[in-house]
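Here we start with a single chain on its own, the form predicted alone, put down as structure tokens.
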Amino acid sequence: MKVLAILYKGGAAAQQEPRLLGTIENQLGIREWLEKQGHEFVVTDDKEGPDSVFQKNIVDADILITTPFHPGYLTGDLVSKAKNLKLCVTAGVGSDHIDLNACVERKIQVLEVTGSNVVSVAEHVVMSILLLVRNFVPAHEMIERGDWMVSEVARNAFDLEGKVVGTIGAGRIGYRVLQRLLPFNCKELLYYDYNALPADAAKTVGVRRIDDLKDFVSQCDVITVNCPLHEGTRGLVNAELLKHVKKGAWIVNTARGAICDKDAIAAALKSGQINGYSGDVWNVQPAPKDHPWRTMKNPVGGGNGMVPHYSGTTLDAQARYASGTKTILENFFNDKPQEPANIIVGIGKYESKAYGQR
């Protein structure tokens, strides 16, 4: 079979660090294994436009592997051209870069390595909350400049203790965020999710569910976004919702960039309606150099904690999602059943409630 992988360029770092498995240089560690079985393996980071390696090779590929960190966007148009395509594998978590409805119609399976990066992302969320609340970035930039004016950074630095923190989405990542927030003695933990947590799970972390999203955001000092991107969540955090956010709240989004309206977020931060925005996901990846999230600031020159999409691709996470990808391929080649939690789209139907029509 022909296996096409869209990975990210590692450069010198990937040559020096072989554990950077998600790169085009280290190729998930599966090239030798695939080629020994007679499969063709095409690996690239060139994914934009009709002349890209991605679009030229997708027409006769049997399997597509891509990551959320440098996604190959498999549109409905490309699905129609991919006459041999049977399986799409996300080396990581999150398959919104794939037209899932088109795959359902074409009976193309879509799988991801569920759980491979949940700890990595949850830790990044907590880190991002702290760096916003403590006004860390401007303080560090001050030191780099050679300056020392404590009042300039302390005027917008707070404790996390005593704050209300809420998660939009309380699944594998959102729940782990709640667990990790317990030692900080927050005033209250809240969640908004179409699916209620089991009573014992909610009791363990002491979280309260709120059914109305506007009511939810109005109560939170910190909002963290931990839900998948689909038709119901695209643009969920928009200008209208931001009007209901408690003034001066902080927002952390490590889910998907398109869940938050980029211009509405930038405007809300500039006006001071929100005090900070942090995360590693962008509506287009790689983000354009003029993307407003790269340079947006609050009225006192802080509040931006944006980084490239790497929360779920730590070296530990890469080992997990590379191993999981190989297992999915082994099962596919040998006609063995897949781990149910990994299946987003089965044969002609959704298998996961995280995507599609609920």
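Throughout, we count residues from 1 along the sequence that is shown. Just so we're clear, the structure is a prediction, and the values are computed from it rather than from any experiment.
There is another form of the same protein, the form predicted in complex with a small molecule; it is not shown, and what comes next is about it.
Taking the partner from elsewhere, residue 71 is found to have every heavy atom lying beyond 4.5 Å of the small molecule in the predicted complex.
Residue 233 belongs to the set of residues with a heavy atom inside 4.5 Å of the small molecule in the predicted complex. At a distance threshold of 4.5 angstroms between non-hydrogen atoms, residue 309 is in contact with the small molecule in the predicted complex. Residue contact check for residue 148: none of its heavy atoms lie within 4.5 Å of the small molecule in the predicted complex.
In the predicted complex, no residue of the candidate spot (252, 278 and 305) has a heavy atom lying within 4.5 Å of the small molecule. Of the candidate stretches 280-288, 242-250, 263-271, 99-107, only 280-288 has residues with heavy atoms within 4.5 Å of the small molecule in the predicted complex. This chain appears without its partner; in the predicted complex, the one residue of 89, 93, 222, 178 with a heavy atom within 4.5 Å of the small molecule is 93.
Exactly one listed residue, out of 165, 121, 132, 111, brings a non-hydrogen atom to within 4.5 Å of the small molecule in the predicted complex: 121.
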